[in-house]
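For reference, the chain that follows is the form predicted on its own, supplied as structure tokens.
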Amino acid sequence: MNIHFKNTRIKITPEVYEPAEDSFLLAEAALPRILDSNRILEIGCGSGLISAVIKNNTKAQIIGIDINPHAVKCTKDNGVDAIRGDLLSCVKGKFDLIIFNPPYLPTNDEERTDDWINAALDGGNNGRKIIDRFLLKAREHLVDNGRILLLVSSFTDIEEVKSKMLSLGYFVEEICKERYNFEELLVIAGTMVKK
């Protein structure tokens, strides 16, 4: 299957999360916030849609990370450098911008599956398990005044996510939001302000 979006053609494979409303919203939010000199990291790159859109529409340097080996291959096949890893555990150095469309669906033990798609969806019991891990580590990989762009869902308790970000020293700004059926999606920017 192929997707065409923002001057970019993406091939999707079955073992990889198929881009949906959340992916497109985050890509749209990211583009106007990228400077040509940015070093950008996308966590959970999946098919590579967001990274490829950024690569094809800016001069930014971007690399993707995903825990799913099929996603890493798919991202590479779509023209973006990618490595396999669990969040930021495989990365050294600092970035101007880290983008993340995390697994955010609240998932209990009975709902979990043993396939790679589960890794793209399973946000733990409250939907924030992976988000909280990411927020703790992302600070170490941002330059002074570096930013994260994080997609969150009303299923994860958006105010709880924003509160966690504030408690970790991020300046928090709502970038854009959309309502889809019974869910609201929001892109939040978090900036690590130099002290």
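This structure is a prediction, so every number in the text was calculated from the model and none was measured. In this text, residue numbers run from 1 along the sequence as written.
From this point on, the text means the form predicted together with a small molecule, which you will not see here.
S.K.: Check whether residue 100 has any heavy atom within 4.5 Å of a heavy atom of the small molecule in the predicted bound form, and answer yes or no.
M.R.: Flag for residue 100 set to yes.
S.K.: Could you confirm whether residue 156 comes within 4.5 Å of the small molecule in the predicted bound form, counting heavy atoms only?
M.R.: Residue 156: no contact with the small molecule in the predicted bound form.
S.K.: Any chance residue 87 has a heavy atom within 4.5 Å of the small molecule in the predicted bound form?
M.R.: Close contact exists here: in the predicted bound form, residue 87 approaches the small molecule to within 4.5 Å, heavy atoms only.
S.K.: My question is simply whether residue 133 lines the interface with the small molecule in the predicted bound form - judged by any non-hydrogen atom within 4.5 Å.
M.R.: Although the small molecule is absent here, residue 133 would touch it in the predicted bound form, with heavy atoms inside 4.5 Å.
S.K.: Taking 4.5 Å between heavy atoms as the contact cutoff, choose which of 168, 60, 31, 67 touches the small molecule in the predicted bound form.
M.R.: It is 67.
S.K.: If contact means any heavy atom within 4.5 Å, which of 141 to 149, 160 to 168, 38 to 46, 52 to 60 contacts the small molecule in the predicted bound form?
M.R.: Careful reading of the contacts points to 38 to 46.
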